[in-house]
Structures are given as structure tokens and as C-alpha cells.
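First, one chain by itself: the form predicted alone, in C-alpha cells.
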Amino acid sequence: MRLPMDIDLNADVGESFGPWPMGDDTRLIPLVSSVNVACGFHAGDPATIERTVRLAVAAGAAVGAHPGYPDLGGFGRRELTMPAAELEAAILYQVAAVAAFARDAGVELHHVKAHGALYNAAARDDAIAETVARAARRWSRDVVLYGLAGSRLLDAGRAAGLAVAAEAFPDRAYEADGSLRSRSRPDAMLTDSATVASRAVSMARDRRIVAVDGSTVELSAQTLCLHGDTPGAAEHAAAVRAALEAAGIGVQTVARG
């Protein structure tokens, strides 16, 4: 049922690696409308990618690629210095891997969303943003580029001719300038499902969020992200969906441009 207002609800998934499990994708994926599948560079492996893509297709969630820096040891959360051509090739390589499994499962890749340190770097650095956008466009002009609301990455995506989706994070703390609070801080992640759900409604309906210093950050988002590696992510997703519906907000995948 389509409600008067819609927003996409996405989750970072597929972050298990070999025998080491990460997250509860089986419970989480049916609760969201799109997924960002780890591509093997920060987490994931071929069998995990395939399994995750097929879970998403079965649940009716749009499949996206979640490329990051080649940093398995740091889970892609350490910023690396790479030549632009090398970084662009690494991103395209990752996107193509997930896209191949998606096509084999009967769907086309819906979106590209950078992971971790690469996502944050692309939000503030024009050159890195342009590199990410170029790599996504080299795969397909039809993919949607997800990026932090108000970030340089969205501008780069538009300049590259891609549809973009501004993203907000109900399970993350925000700084007053609209950036995400560093994960090095103990309060960077929110763990209470009711709080996460309340923030999701504020982001979707009111287009604002309260920063760590108490100030109000105005934002306009088309998609909300939940981190699949966070303990209780499935519970967060269930609470968010219930709160959104109670507020008259439906959960729908971002339309392609």
C-alpha cells in the first residue's frame, strides 16, 4: 500500500566473510526496500555476495553495490591514499562483481553506495566524489548513486548524469555541520530501537535531526540507512518501519532517474 509520503529504507548487508558471520541478514533484508551488498574489498566474498543477492531478490529489495577501499583488515573504515585511476578501477571492479550476481538472479543493479571511509571521503572531497561517480557511470548510466545528504558526492553524481539519492542515518549521531560523528567516539552509534525509529520519522517527515551539540540539522533525504553490522539491526528496522507507517510514511525503493 502506498502511503501519502514514501521513503526508501536501505541496509548495508553481505558483510560476512568466509566462516566469520556478520549481522543477521536473513531477518534484516525482508524489512528494508533496498540493500547495499559488500563487494569483497572491505567485507564479503563471492559465496556471501551470491547468497545475499538472492535473499534480497526473494524479499523484493532492490540490489545495490557497496564498494569500499581495499581494506579487509580495517573493514574499509581507514582512509587510503590511492591514485584516482587505481581507485576508479577498484570501484568498478567491485560494482561489476555484485552486478553480475544480480543479473544472474534475474535483476539489474539498482544503485551504488560507497562504504565507510570511502563514503565519508567522497562526501567532502570533490576529486574522490568525481572518481566514485565516474566508476558508477562506467558500469551503467541507469544506476542511482546514494550519498550523504548535502554532500559533494551528490553533486558529482548529478554532473556525471546519474540519478542520485540523498541519504540519512537514523542509527548514527550527527555533527552540527551535517557530517556523521566519527566512529572513534563512543556515542557515534545509536543502539536503542525506539530512538532510531523516532529519528527516522524526523528525518523523513520533518527533514531535520538534532546534532550532538543540541543544534538542529536541516536535511532532505530520499533514503534512510541502517547498518547491518550493528547488533539489533533487525529490531531497529522493524521499529523504523512501524514508526514510519504510523506517521503516514511508506517504505518504497528509490525510483531510477
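Residue indices: 1-based, along the sequence shown. Just so it is clear, the model here is predicted, and its values are computed rather than measured.
There is another form of the same protein, the form predicted together with a further copy of the same chain; it is not shown, and what comes next is about it.
**Student:** For Arg78, is any heavy atom within 4.5 Å of a further copy of the same chain in the predicted bound form, or not?
**Tutor:** Arg78 belongs to the contact set for a further copy of the same chain.
**Student:** Using a 4.5 angstroms cut-off on non-hydrogen atoms, would Gly60 count as touching a further copy of the same chain in the predicted bound form?
**Tutor:** Result no; Gly60 lies far from a further copy of the same chain in the predicted bound form.
**Student:** So in the predicted bound form, does Glu15 come within 4.5 Å of a further copy of the same chain, heavy atom to heavy atom?
**Tutor:** It does: once a further copy of the same chain is placed as it appears in the predicted bound form, Glu15 has a heavy atom within 4.5 Å of it.
**Student:** Check whether Ile49 has any heavy atom within 4.5 Å of a heavy atom of a further copy of the same chain in the predicted bound form, and answer yes or no.
**Tutor:** Because a heavy atom of Ile49 falls inside 4.5 Å of a further copy of the same chain in the predicted bound form, the answer is yes.
**Student:** Could you spot which one of Ala56, Ala204, Cys39, Val196 gets a heavy atom to within 4.5 Å of a further copy of the same chain in the predicted bound form?
**Tutor:** It is Cys39 that has a heavy atom within 4.5 Å of the partner.
**Student:** Tell me which of 155 to 163, 141 to 149, 84 to 92, 178 to 186 has residues with heavy atoms within 4.5 angstroms of a further copy of the same chain in the predicted bound form?
**Tutor:** Selected range: 84 to 92.
**Student:** Going through 89 to 110, which residues have a heavy atom within 4.5 Å of a further copy of the same chain in the predicted bound form? Please give them in sequence order.
**Tutor:** Residues within 4.5 Å: Ala89, Ala90, Leu92, Tyr93, Ala96, Ala97, Ala100, Phe101, Arg103, Asp104.
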